[in-house]
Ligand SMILES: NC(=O)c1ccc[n+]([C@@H]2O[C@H](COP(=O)([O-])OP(=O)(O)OC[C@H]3O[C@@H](n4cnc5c(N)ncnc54)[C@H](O)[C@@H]3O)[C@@H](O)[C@H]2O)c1
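The form predicted alone is given below as one chain in structure tokens.
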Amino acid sequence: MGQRTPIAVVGTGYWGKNLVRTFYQLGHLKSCCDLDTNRLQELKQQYPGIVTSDRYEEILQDDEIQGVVLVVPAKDHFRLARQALEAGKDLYIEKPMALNTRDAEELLQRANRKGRILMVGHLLLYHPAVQKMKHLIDTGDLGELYYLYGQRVNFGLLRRDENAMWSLAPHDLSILTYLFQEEPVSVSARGSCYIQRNTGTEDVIFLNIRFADQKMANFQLSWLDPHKIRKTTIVGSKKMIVFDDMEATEKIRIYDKGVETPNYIPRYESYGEALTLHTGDVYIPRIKMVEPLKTECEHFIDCIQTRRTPRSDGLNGLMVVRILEAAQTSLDRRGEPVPVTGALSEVCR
């Protein structure tokens, strides 16, 4: 099993219980914290040997605990995360990292000053299919990246405290910034409240993102759709990739399609006539599937032990929050394009 790194999971509800299970199976779970004492009693029976508490202060005062895993409502992320960092704990915080750029920047700066690990729960960055896409991009197989689009739609699981964008888009935005390795310059968003009209909580949102070098991204996000779709498409100059997370085994398809551009244009009246479309085979690579959550939790433990920077670090979390905040402004302004402002390098100082 190796060196044990005592972990406390704070928030053991809908998603938190999965982190409790995973860290326990990995042999690193020491404590669980939740306001629901009945749930804590159930956890003690289910996971013998763990310590439970309904007081967050007890977790922070426990010198043995090295890492705190926050799986609480997003509105509490900043307050509880700041306390954990001040207490000298390494921190894993579920997405979104914060609800505004100012708070996200403060958490990142505080973690840097304290020398603490700050990792955001962008689960899909630990998905084998996303890692395969990253490899194909880095090796140049796709050629020049043109655009990316995704669908994350479903029927149900409505939330009152956040709209469909804040709930669903962090998954896609974390993939986008990770694969493109740059921050967009502007974003526009339009949406509507069809179900919860009295609360003003948008359940259907369309998000458009632009980059300085003309790359684009577009996302459809919805809780009101007859299909459950989790699909991402990347188009490059040489090849195209489709990642369909609803497929049981064939998660990725690579399409050998692109546009060939000649170095010179002989005997053509226009440049457009000189372009050649090429279409080749569709390739389905073999991907060894492992549970992304297990990989993510193992990565957090490894980062604590080695002090390396997490794949989904605070900078990645901040980029996602910046896009979300600009998109929310655009949503409030009925689709007006809004710049994504701020230099990330300044935050790290």
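None of the values given here were measured: they were computed from a predicted structure. In this text, residue numbers run from 1 along the sequence as written.
The next section is about a form of this same protein that is not shown, the form predicted together with the ligand.
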| property | result |
| --- | --- |
| Non-hydrogen atom within 4.5 Å of the ligand in the model of the complex for each of Val71, Ala74 and Leu123 | yes |
| Exercise: Met165 in contact with the ligand in the model of the complex, heavy atom 4.5 Å | no |
| Cys33, heavy atom within 4.5 angstroms of the ligand in the model of the complex | yes |
| Partner proximity in the model of the complex: Lys238 to the ligand, non-hydrogen atom cutoff 4.5 Å | no |
| Heavy atom of His171 within 4.5 Å of the ligand in the model of the complex | yes |
| Segment that reaches the ligand in the model of the complex - one of 197 to 205, 130 to 138, 184 to 192, 76 to 84, heavy atoms within 4.5 Å | 76 to 84 |
| Any residue of 136 to 161 that, in the model of the complex, places a heavy atom within 4.5 Å of the ligand | Arg159 |
